[in-house]
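As structure tokens, one chain now follows by itself in the form predicted alone.
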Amino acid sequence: MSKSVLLKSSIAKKYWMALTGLFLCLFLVGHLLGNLQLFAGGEEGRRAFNEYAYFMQHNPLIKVMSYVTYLSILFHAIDGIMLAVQNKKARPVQYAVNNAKSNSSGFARQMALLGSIIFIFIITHMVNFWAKMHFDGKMPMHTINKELEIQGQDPMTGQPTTQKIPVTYALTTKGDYKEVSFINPMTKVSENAVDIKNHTELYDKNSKLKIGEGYKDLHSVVLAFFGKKNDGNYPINDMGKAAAILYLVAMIVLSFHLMHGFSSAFQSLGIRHKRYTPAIEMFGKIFSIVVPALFAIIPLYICFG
């Protein structure tokens, strides 16, 4: 019997391993649905993705679920390592005849290794996107640039003139666009139309009252990470193609991990029957291929599309 402070028995570990694994499968579906908005082009697609990112960061229920997800990832990883170590200790001397291929699938024998690779990927993924969204002071705000036509009069001839002034607008959480800066037609220098605090909060320059809040431009950060320029001013990653290929490799590893883990979770929970077990296994195989494939296509589409 294990003396672990987390779980006392291997059976309990397998139960929690199964439950956290299935919960993380649900998380994958939700995360994928949000990321699929990256396929949408233009300002509408950019706006939809940044609104989704804002919702995920500020909705109270989603924030609670996020902490549950973080704990599930840690628990699932630690639990998997403990099970692997425990199984190794339980059989310190290998059998004289060990026909592993006939006793279990290759995925089952490599679950600890595959899981470790995925855990490392999750950490790097959070550093590249989650941490930037929460802590990066250089994170751009969602803005668009337009040219505003101003009617005037030529002081020499008195003839009417039209001058185009570059203006920058920020998308606010109210759904409108507010002017945040413009190019002064006399000095040709950029001037702020509002005061910006905490990177996204907009304040009236005269009254000093808050008049809106902008969105962080995570869409530009994602595109820049994979080497594509967006309307934002985030620096482009010169290794964008390499990053896309590494994400593809990580999703292949995830697919292998899910291939065994999905159906194994139901088995660990005692949910096995000759009627519905084949359907669970078939759904698990489809899930293990489709979900990682869609995740992998997104960076490849951004980088090479």
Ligand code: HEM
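Computed from a predicted model, the values in this text were never measured in an experiment. Numbering starts at 1 and runs along the sequence shown.
Same protein, other form: the form predicted together with protoporphyrin IX containing FE, not shown, and the subject of what follows.
Engineer: Since only the chain is shown here, I'm wondering whether F262 would be in contact with protoporphyrin IX containing FE in the predicted complex (any heavy atom pair within 4.5 Å).
Structural biologist: Yes, contact at 4.5 Å.
Engineer: Is there a non-hydrogen atom of S255 within 4.5 angstroms of a non-hydrogen atom of protoporphyrin IX containing FE in the predicted complex?
Structural biologist: Contact with protoporphyrin IX containing FE, no.
Engineer: Does at least one non-hydrogen atom of S116 fall within 4.5 angstroms of protoporphyrin IX containing FE in the predicted complex?
Structural biologist: Yes, contact at 4.5 Å.
Engineer: So, C25 and protoporphyrin IX containing FE: in the predicted complex, are they within 4.5 Å at any heavy atom pair?
Structural biologist: Although protoporphyrin IX containing FE is absent here, C25 would touch it in the predicted complex, with heavy atoms inside 4.5 Å.
Engineer: Hey, with protoporphyrin IX containing FE in the predicted complex, do G240, A243 and I302 all fall inside the 4.5 Å heavy atom range?
Structural biologist: Verified in the predicted complex; spot residues all out of contact, no.
Engineer: Between the options I183, V194, I144, L83, which residue brings a heavy atom to within 4.5 Å of protoporphyrin IX containing FE in the predicted complex?
Structural biologist: Filtering the options by heavy-atom distance leaves L83.
Engineer: Only one of L202, A224, A170, M111 gets a heavy atom within 4.5 Å of protoporphyrin IX containing FE in the predicted complex. Which one?
Structural biologist: It is M111.
Engineer: Partner absent here, but in the predicted complex, which of 205-213, 136-144, 118-126, 156-164 has residues with a heavy atom within 4.5 Å of protoporphyrin IX containing FE?
Structural biologist: Heavy-atom contact with the partner occurs in 118-126.
Engineer: Within 4.5 Å of protoporphyrin IX containing FE in the predicted complex, counting any non-hydrogen atom, which residues from 59-76 show up?
Structural biologist: Residue within 4.5 Å: H76 only.
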